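Shown here is one chain on its own, the form predicted on its own, set out as structure tokens.
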């Protein structure tokens, strides 16, 4: 692929695309309003769990399929990087306290139903105390049963972002840090073949106005409103807990805040649960902190002596239907414009699938992978087509 591309936004998808295009021989200019540390990116505070079966209880089947597809792709992507990234595929553990047994039974029934409807998923395994002790001996004294979801995994999000940053340098991607860039302006300058908008919530105005073509018809306005972009706030705590030894991502069923605990290297644990319909980026609330910390203590008493390294908040870019989408605009006189957004809470789980679909669109104008996985690809209607609809 010997062409010139501009990518706006150096979060997870922006970095993955920049590296993939550069590996294929393309000239890539990467524009990012922030710095190389990705401090403003939701990818920096994510737990980076790769859990399509666990997530099947709250998302659509196409997202689940993207997650299943992405697991082996992550191994290949990470294996091609110049620096190692922590990757684990030892399954997910689901736990609950006795008083929440009915919620756990509903959760298990939901998983069973989803597995029956999707043969790509591996059935969950019910664990008694003995089986639980064999896979997580350090918490078996507090729980008498659980569920094990095989084949699921996780990676270290911050190691990955740093490894991709190094790869950008090795591949000589032109990175323009602390630089604001408008994709539609880049379309008409510098001779790019494609401009790719990966700004997440930074693309909110452009995303909402994509179909608002001079108010030619109510159709355009309705399309814009139905695909409006918003932020969903998440709150995460990072702990250093050397007295805790969890081997795999663990989720605690709770009627109000289903908590997750993702163990990373060097006794680091990423803990989260909150999902708030708000674009507030202020500090974590006392309520959220108390709920998260009290919940992890009920999983393992060693968390009582853990050190709080960070309490962080960020907003995930989300479309009205909570599903990802790629939009494509290609005209004769300007560069092509591709917009990728709406990865919501599933950014790490589905990014390789989104990446492969985008690459196919850039190379072939069509994507069989997107068709197979059910990823929405929208092509902006022309003015003539909208006029014909009036």
Ligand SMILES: Cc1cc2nc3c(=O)[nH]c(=O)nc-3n(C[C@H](O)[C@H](O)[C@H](O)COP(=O)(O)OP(=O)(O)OC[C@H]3O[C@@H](n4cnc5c(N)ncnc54)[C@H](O)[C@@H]3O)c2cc1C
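Residue numbers count along the first chain shown, from 1. No experiment lies behind these values; they were computed from the predicted model shown.
Beyond what is shown, the protein has a form predicted together with the ligand; the following relates to that form.
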So in the predicted complex, does residue 352 come within 4.5 Å of the ligand, heavy atom to heavy atom? no
With the cut-off set at 4.5 Å between non-hydrogen atoms, does residue 159 touch the ligand in the predicted complex? no
Counting only non-hydrogen atoms and a 4.5 angstroms cut-off, does residue 195 reach the ligand in the predicted complex? no
I'd like to check something about residue 121: if you look in the predicted complex, is any of its heavy atoms closer than or equal to 4.5 Å to a heavy atom of the ligand? no
Only one of 57 to 65, 37 to 45, 356 to 364, 320 to 328 has residues with a heavy atom within 4.5 Å of the ligand in the predicted complex, and that stretch is 37 to 45
Of the options 185, 298, 145, 179, which one has a non-hydrogen atom that comes within 4.5 Å of the ligand in the predicted complex? 179
By the heavy atom within 4.5 Å rule, which residue out of 202, 258, 263, 231 makes contact with the ligand in the predicted complex? 202
Taking the ligand as it sits in the predicted complex, which residues of 347 to 368 have a non-hydrogen atom within 4.5 Å of it? Please list them. 347, 348, 349
